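Given next, in structure tokens, is a single chain: the form predicted on its own.
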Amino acid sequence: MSTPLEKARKDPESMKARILDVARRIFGEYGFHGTTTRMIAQEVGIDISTLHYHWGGKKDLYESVVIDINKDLRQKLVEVEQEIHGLPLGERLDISIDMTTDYLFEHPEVSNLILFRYFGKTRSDGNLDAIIPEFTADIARSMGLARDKKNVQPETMMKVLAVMNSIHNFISGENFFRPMVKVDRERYIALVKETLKFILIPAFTQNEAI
């Protein structure tokens, strides 16, 4: 029997999908504790009983949202891997930063929810986070920092986490950082990419020139 999440992903025009889309955005903005199912129902334009009929309680909906963003992020990483495969490390990083930041700026709830779960006390089920180390290992292998994702050294994992946390913080912190640098959104996105490349590409490619 299909889960509500599977039904929502199969039919993007369905009520389940509409609720899921709004829930991603609101949970991403306010976190688990700051969000109520009434807020989500009101934004969708439905009665709260309709929301509960499709998704159950807040915890059920939140867990589905987390699984959903993990699946979307997994798909994006596959697309990035296909694009950069076989290229020199510097080019891989350049393209990866562009593709990843573009995706996350289009879907800021992904970065917001990941950071909420990293640093906030919103975890309702730690098992939902089991995929994060797997993501990190995949990125390490893709960058050529590990032979395979089953044998990634702690030092390498930390380097990859530094890359991902840098990206997530710039996306999640846009409303805080952008007024500080006094630029519009388009310029801010361009500066984020430029800054990440300025810091990360030399850091990872310095040994290649030796």
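The first residue of the shown sequence is 1; numbering continues from there. The structure presented is a predicted model; accordingly, all values stated were derived computationally and were not measured.
Although not depicted, the form predicted together with the DNA is the subject of the following passage.
Student: Which among 62-70, 172-180, 28-36, 158-166 is in contact with the DNA in the model of the complex, heavy atoms within 4.5 angstroms?
Tutor: Within 4.5 Å of the partner lies stretch 28-36.
Student: Is residue 58 a contact residue for the DNA in the model of the complex, using a 4.5 Å heavy atom cut-off?
Tutor: The answer is yes: residue 58 has a heavy atom within 4.5 Å of the DNA.
Student: Residue 151 near the DNA in the model of the complex, any heavy atom under 4.5 Å?
Tutor: No, residue 151 is distant from the partner.
Student: Using a 4.5 Å heavy atom cut-off, state whether residue 43 contacts the DNA in the model of the complex.
Tutor: Taking the distances in the model of the complex, the answer for residue 43 is no, it never comes within 4.5 Å of the DNA.
Student: Is the gap between residue 15 and the DNA in the model of the complex 4.5 Å or less for some heavy atom pair?
Tutor: Residue 15: yes, in contact with the DNA in the model of the complex.
Student: Using the arrangement in the model of the complex, list in sequence order the residues of 37-56 with any heavy atom within 4.5 angstroms of the DNA.
Tutor: Counting only heavy atoms within 4.5 Å of the DNA in the model of the complex, the contacting residues of 37-56 are 37, 38, 45, 46, 47, 48, 49, 50, 52, 53, 54.
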